[in-house]
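Take a look at this single chain in structure tokens; it is the form predicted on its own.
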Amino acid sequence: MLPLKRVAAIHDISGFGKCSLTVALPVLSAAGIETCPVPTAILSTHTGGFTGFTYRDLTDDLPAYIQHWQKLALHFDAIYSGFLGSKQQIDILRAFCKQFRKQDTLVFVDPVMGDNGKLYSIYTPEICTEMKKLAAEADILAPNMTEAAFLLDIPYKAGPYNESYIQEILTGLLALGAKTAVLTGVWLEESHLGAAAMSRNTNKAIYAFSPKVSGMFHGTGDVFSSILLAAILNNCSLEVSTTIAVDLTYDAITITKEIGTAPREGVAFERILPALINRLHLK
């Protein structure tokens, strides 16, 4: 048997409300991937739909944490970034990539900055500018439509979209320097929602859709990105990986509605982990 692949997952931890590391760790682990967390912040809950949450910024802890890993000469098959709470953390992550990226290391950047046309409260234009520099280093860049608009300095459009517009967005994201762009929140008609992806070597967009479910469900971006990375690291093609991520994110949302979980608590991704294992043909 081959050794486990290893991912450095650079995200925050929210104690309640499934997102970030509390999604990435179980999803990647279920896919047979060793997952090493680099926590950027610790929160009592995530910030969507909750008030009064605690927030501890771990920026000052990161240099020594990473230096210890350097002394251990750790190797990573992928570096996976999500929520970064400050400009300094983006700088630290860019340095992390330089220190740990080898020829066979995949850099996956989910540029968590906002949704529904608005930036999250902590994000400033300066942080958005730094995020563009990080995007330039990505092998795979996976923004939603809002984040893509801010990365490209264009007005946000709510949709529905047409294929020429999506192609334009993907082309712009690749022009930032990313090798592959995967765009979420894509819909061409009222009844379906999904993702579009394109790589530099093909210059042709591929699409994956599922039926649209009414409502706002927190943490779905983290579920999608974690499944996408899990599939890619299990040697699935970009098209197959995107399809699996769309399908299983949809399944998690529908299960969440069926069991009556409040949307702010995150989706019931735990219930789709057996399906992920089956889709990846793991034993």
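Numbers follow the displayed sequence, beginning with 1. This structure is a prediction, so every number in the text was calculated from the model and none was measured.
This next part talks about the form predicted together with a small molecule, which is not shown.
Novice: I'd like to check something about A24: if you look in the predicted bound form, is any of its heavy atoms closer than or equal to 4.5 Å to a heavy atom of the small molecule?
Specialist: Output for A24 is no: heavy atoms all beyond 4.5 Å of the small molecule.
Novice: With the partner left out here, check for me: in the predicted bound form, does some heavy atom of Y80 sit within 4.5 Å of the small molecule?
Specialist: Contact with the small molecule, no.
Novice: Taking heavy atoms only, is T47 within 4.5 angstroms of the small molecule in the predicted bound form?
Specialist: Answer yes; at least one heavy atom of T47 falls within 4.5 Å of the small molecule in the predicted bound form.
Novice: So, in the predicted bound form, is A148 in contact with the small molecule at a 4.5 angstroms heavy atom limit?
Specialist: Heavy-atom contact with the small molecule at 4.5 Å: absent for A148.
Novice: Taking 4.5 angstroms as the heavy atom distance cut-off, pick the stretch from 60 to 68, 230 to 238, 217 to 225, 247 to 255 that is near the small molecule in the predicted bound form.
Specialist: So the stretch in question is 217 to 225.
Novice: Counting only heavy atoms and a 4.5 Å cut-off, does the small molecule in the predicted bound form sit next to every one of C19, L43 and Y120?
Specialist: Each of the three qualifies.
Novice: Sort through A178, L170, A142, V112 and report the residue having a heavy atom within 4.5 Å of the small molecule in the predicted bound form.
Specialist: None of the other options qualify; the answer is V112.
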